[in-house]
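Next up: a single chain in structure tokens, the form predicted on its own.
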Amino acid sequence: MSRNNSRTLIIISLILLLSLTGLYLCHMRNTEASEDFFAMDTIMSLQAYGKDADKALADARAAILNLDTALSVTNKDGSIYKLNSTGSCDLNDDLQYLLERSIEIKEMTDGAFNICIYPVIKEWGFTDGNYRVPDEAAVSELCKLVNASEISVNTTDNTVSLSDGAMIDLGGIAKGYASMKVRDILKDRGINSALINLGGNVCVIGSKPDGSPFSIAIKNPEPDDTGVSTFTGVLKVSDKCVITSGGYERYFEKDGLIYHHIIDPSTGYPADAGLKSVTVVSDDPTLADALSTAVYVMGKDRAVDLWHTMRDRFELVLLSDTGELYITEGLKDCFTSEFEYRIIK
């Protein structure tokens, strides 16, 4: 074979190799998988792009279901049920992390976030769906119990115990932690683009496969005149968590009054601090989940004061009871809305 023919074959082989490599890499980039399932009392949706995305999502789903059992206040096989029933239980890494973060965020928010609120939530019927307006004296006594409750974490013998009468509910932080666990699992499996939606608690890994940011819509608590749900605004984000809380999510009506499930630990009654919905944007989904509840309890002014002290850790979108919309300064380049809004600086 002549030298020219050899060169031609080599060139053709290289072209074929590069073409196949390009097709393979393209396939790798565009491999997509999704999982939809029910856990933690909500519909969850996971979407991931990358090699073996389906296997990564299967692992993520299994992790969520395990947490659902462990952290449930009603599942008799879970750690929290045992802790509330007996006053103590074994301590594992998940529970230790959640308890330590919960205590940290309670202090950070001056008690607006308090996982020891469970006896009050139970009294209102938000645990079993048997809704009722409790006796005022009973609420007052339960608030005293909540405020006096203590959690003792013993890392020497790996146990946790509660003071007499205390019970906890991790519902205000559990989905945020689950988002973090899922994010870590997917990243460990090599997933660089994913959308994690745990019942409205949204966490994204990287950007969309085309390189553009994910668009996360914030639900407007008030439907339009035709009854159709609308959006307060849209956030375009990459590698962020967007978590929204509001009294419109779970509530009941009694004698013409609306009672929602976000209880103010200081009063034992549904929070009434002038906010209709709270959205927290952060790199830390556990913090964002807890703060979305705490800020709803705190109200705009206290929330802004908190943001000023730790603005490097989270941003806010606040909708007031009277319809005013506010965003913190760090969101001004990624937030759009059909409504007028003010920027908090």
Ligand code: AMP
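From 1 onward, residues are counted along the sequence shown. Keep in mind that what you see is a predicted model, and the values were worked out from it rather than measured.
Beyond the structure shown, there is the form predicted together with the ligand, which is absent from this document and is the topic of what follows.
Which one of these stretches, 135-143, 110-118, 182-190, 229-237, sits within 4.5 Å of the ligand in the predicted bound form when only heavy atoms are counted? Among the listed stretches, the partner-contacting one is 110-118.
Using heavy atoms only and a 4.5 Å cut-off, decide whether all three of 202, 206 and 285 touch the ligand in the predicted bound form. No: none of 202, 206 and 285 comes within 4.5 Å of the ligand in the predicted bound form.
Given that the ligand is not shown alongside this chain, does residue 262 nevertheless sit within 4.5 Å of it in the predicted bound form, heavy atom to heavy atom? Yes, contact at 4.5 Å.
Though only this chain appears here, would residue 249 touch the ligand in the predicted bound form if you measure heavy atom gaps against 4.5 Å? Taking the distances in the predicted bound form, the answer for residue 249 is yes, it comes within 4.5 Å of the ligand.
I'd like to check something about residue 268: if you look in the predicted bound form, is any of its heavy atoms closer than or equal to 4.5 Å to a heavy atom of the ligand? So residue 268 does not count as contacting the ligand.
So, residue 279 and the ligand: in the predicted bound form, are they within 4.5 Å at any heavy atom pair? So residue 279 does not count as contacting the ligand.
Does anything in 159-186 come within 4.5 Å of the ligand in the predicted bound form by heavy atoms, and if so which residues, in order? If the 4.5 Å heavy-atom criterion is applied to the ligand in the predicted bound form, 159-186 yields 169, 171, 172.
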